[in-house]
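Starting off, we have a lone chain in the form predicted alone, written out as structure tokens.
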Amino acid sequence: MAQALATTLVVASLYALLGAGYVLVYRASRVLNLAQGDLLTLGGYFLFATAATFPGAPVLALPLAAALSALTGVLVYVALMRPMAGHPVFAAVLVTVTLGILLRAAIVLVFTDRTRHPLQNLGLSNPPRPLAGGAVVSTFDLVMVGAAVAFFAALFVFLKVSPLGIRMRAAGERALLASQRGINFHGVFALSWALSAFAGSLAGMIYSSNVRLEPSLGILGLRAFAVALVGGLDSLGGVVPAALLVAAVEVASVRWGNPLLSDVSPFLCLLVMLLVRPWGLFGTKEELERV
């Protein structure tokens, strides 16, 4: 049981980071960023590239990869999403789908489809760590949990205390009132895309260091999309409990059922939620028509 609990926390941390990316963009601009999984993959490859450029120097490679990912988020907004202003939201969603396809193609073109392991170039090890109750996790499993806790804590403080964070909340909750108060919407939207890309890349960098790096990692983004919908697409507060719920179902299906169910268990959770509470655990009911 202790091992199942530890695995659930690790999987939930991965899903929470990815799910936060979906919610950040949706709350700001009401756009579903269906390229979030591919931004996760891109973050992993940014780490591989920076680790190869600065071998044995994780203090340089990790921040540089994270910065490149956040910059990518800003460029995506400026080059692709800002020109979509005034167009139907569905068209913007299709742009994110196209973006994901192009990112996968570019990754294969530049890095090939070989499985990579950035940890080798970073010069770091990933030894197992025993926990209470007999559970054992890897070092980067603990890093994943710690990164998720730190990210959500920092995001909470940023949104609650900083003037820029308060503007982001205002733009997401009362768009018309925020515009009348002179809030720079384009700056807020660009920041939301940067934070979304950063959250996805953070998950991708840790996951690729812990497990492997390959172009097909984008499938993790689809699972996290189910998490975002279960928690409520407009609710950052719903991401963590939804991630824990979905991760618990996934781990239970592997441990006490058929391991093949792990790929579909997030979507089973989503199906049940859509039947019982379509707007999610903590979502706003009025957002249903927009979704």
Partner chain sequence: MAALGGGYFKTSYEADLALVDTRLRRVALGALVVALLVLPRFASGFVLDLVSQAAFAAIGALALNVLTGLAGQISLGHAGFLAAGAFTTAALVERGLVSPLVTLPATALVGGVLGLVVGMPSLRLKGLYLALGTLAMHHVVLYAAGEMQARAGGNTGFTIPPPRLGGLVFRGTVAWYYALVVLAALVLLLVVNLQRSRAGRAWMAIRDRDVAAASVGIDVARYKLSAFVWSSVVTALAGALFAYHRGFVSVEAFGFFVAVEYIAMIIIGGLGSALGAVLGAAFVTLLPYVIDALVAGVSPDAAQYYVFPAKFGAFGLLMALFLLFEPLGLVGIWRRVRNWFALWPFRHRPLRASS
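Numbering follows the first chain given and starts at 1. Throughout, rigid core stands for the largest set of C-alpha atoms superposing within 1.5 Å between the two forms. This is a predicted model, so every value here is computed, not measured.
Omitted from view is the form predicted together with the partner chain, to which the following refers.
The stretch from 196-204, 93-101, 150-158, 67-75 that comes within 4.5 Å of the partner chain in the predicted complex, counting heavy atoms only, is 93-101.
At a distance threshold of 4.5 angstroms between non-hydrogen atoms, residue 248 is out of contact with the partner chain in the predicted complex.
Taking non-hydrogen atoms only, residue 131 never approaches the partner chain to within 4.5 angstroms in the predicted complex. The closest heavy atom approach of residue 267 to the partner chain in the predicted complex falls within 4.5 Å.
For the chain shown alone, residue 222 is a contact residue for the partner chain in the predicted complex, at least one non-hydrogen atom being within 4.5 angstroms. Within 4.5 Å of the partner chain in the predicted complex, a heavy atom is found for all three of 79, 83 and 233.
For the candidate set 28, 240, 32, 61, a heavy atom within 4.5 Å of the partner chain in the predicted complex is found for exactly one residue, namely 32.
Of the residues in 236-265, those that come within 4.5 Å of the partner chain in the predicted complex through at least one heavy atom are, in sequence order, 258, 260, 261, 264. A displacement of less than 2 angstroms separates the C-alpha positions of residue 60 between the shown form and the other one, with the rigid core held in common.
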